[in-house]
Each structure stands twice: as C-alpha cells, then as structure tokens.
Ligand SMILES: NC(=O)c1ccc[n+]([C@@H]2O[C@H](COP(=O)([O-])OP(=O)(O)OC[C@H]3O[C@@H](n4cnc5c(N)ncnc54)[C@H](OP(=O)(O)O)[C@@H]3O)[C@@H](O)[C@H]2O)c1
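Single chain ahead, written as structure tokens, the form predicted alone.
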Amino acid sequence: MNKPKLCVAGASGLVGSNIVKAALAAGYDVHGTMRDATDETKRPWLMALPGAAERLTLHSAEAETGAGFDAALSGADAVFIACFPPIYRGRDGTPARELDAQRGFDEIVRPVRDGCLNVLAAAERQGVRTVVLCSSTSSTNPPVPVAVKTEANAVSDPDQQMADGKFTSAEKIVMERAAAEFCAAHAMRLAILLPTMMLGPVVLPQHLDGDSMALPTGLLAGRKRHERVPAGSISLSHV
C-alpha cells in the first residue's frame, strides 16, 4: 500500500516548513515546492528533518506562472498552499498603505489571487481534489464590527478594504473567494485556515528575522515596539 502523499506549496516558509515537518512525522511522502529547490541557504534545513532523506522531494515552482507545480502535485492526495505570505510593500518598496488604488491592486492583491489560481489549476490538472489554503484572519474583518464573530457575519469587504488602502488585508479575502469559486467549479474540497500572527519553533533559522518572529526576537534584543504600552490586544497563533 502506497504511503499518502502531500504536496506543500511554500515548503521553505515559516508555516510550510512546519507542515513539512509534521507531515513527515506522520508518515507522509512529501513533495515540497520552493522558488529554487537548489537554494543551499534553505534546502539543507528541510532535508535534515527526520524522514526527509527517504520521503521528501523538493521541486522548484513559480506561483506567478504555475511552472513546476504539475510535477510537484503529480500523485498527491492533497495540497497545502502556504506560499502566499502577506505583501506589505509594492514592487519599488513603497508601503502598501501608500499605494494608489491601481498599484495596490496590481502589486499586492492581483499577484496573490492569480498565483493561488495557478496552483489550483495545476492541482486540478493532476487530479488533486483536496486543498488546504493558509489565509489570514484579515479576511474576517467586516466593515461594521460585530459583537461575536461567526463564519456568516465576519467577512471582510475587499472593495472597502482597498478603498481604505488596506491592500495587504484585501489580498486574503480576494484570494479566498477566487479559490472557493475555482474549487466549487471543479468539484475540489477546500479548507481555509485563518491564523493570526504565527509564532513558534522555526525549521529554517532565517525565519527568526521574518515579519512574525521579529516581535519576540526584537523584544529579546531590547528593541522597542511601542513608545507607550498600547491600550489594545494582539492575536497570536502557534505554528
């Protein structure tokens, strides 16, 4: 009997690498995708995971075009899409909130939507019918706050988010809606996970310098996050 096979799109990311680690520990054969599967700053850390030598294959794949995903998805029982972290800046480094409506859509929102659809199209071609999509709680912020959030009432309005310059948040709900429509049209089962800020053990040491882990590492290094203690809260998810 063949072992179940999982494809992890974004295997070298904070979330994706932890999924690879957990999937190997659970006995899966894993096909992971990276922009460059030969990158020696990332590949060795993944291949050093228990079970990786026997059951992990890394593929180079580009979400912008979908190139490389067919090979990674061939024979997979499911795909975990974790290759779309939040985009906080435009192509020239301009903060997302400072972009105009056209640039915000073209440089922040559209690439994530189209990239996700490219991965899904490859999955459909390869007969993969189960999809787990890692999104964000930024898609659960309705224009009018609600006392108790549910799946029915806590849904972001992408047009309002973009009108408010919240392109980084809008990218998630736009991606989710496009994925839901695609999967419904092609009889694919879709589960969407909505984590908040992700913290926890890292597989690749460079994740300690990433956007999420910058919070605890900055505190340990003595860097101040606020001049005054804020009167608010922050949501965290353990990887």
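Note that residue numbering begins at 1 and tracks the sequence as displayed. Not measured: the values here are computed from a predicted model.
There is also a form predicted together with the ligand; it is not shown, and the following applies to it.
The ligand in the predicted complex is not approached by Thr57, whose heavy atoms all lie more than 4.5 angstroms from it.
Though the partner is left out of this view, Val30 does not reach within 4.5 Å of the ligand in the predicted complex, counting heavy atoms only. Interface membership of Val20, defined by any non-hydrogen atom within 4.5 Å of the ligand in the predicted complex, is ruled out. The ligand is not shown here, but in the predicted complex it comes within 4.5 Å of a heavy atom of Glu62.
Arg35 is the sole member of His186, Arg35, Arg189, Arg177 with a non-hydrogen atom lying within 4.5 angstroms of the ligand in the predicted complex. Checked against the ligand in the predicted complex, the candidates Ala96, Leu73, Cys83, Leu120 yield a single residue with a heavy atom inside 4.5 Å, and that residue is Cys83.
Note on the interface: of 22-30, 178-186, 47-55, 191-199, the segment with non-hydrogen atoms within 4.5 angstroms of the ligand in the predicted complex is 191-199. Contacts between stretch 2-26 and the ligand, counted in the predicted complex as any heavy atom lying within 4.5 Å, involve Gly10, Ala11, Ser12, Gly13, Leu14, Val15, Gly16, listed in sequence order.
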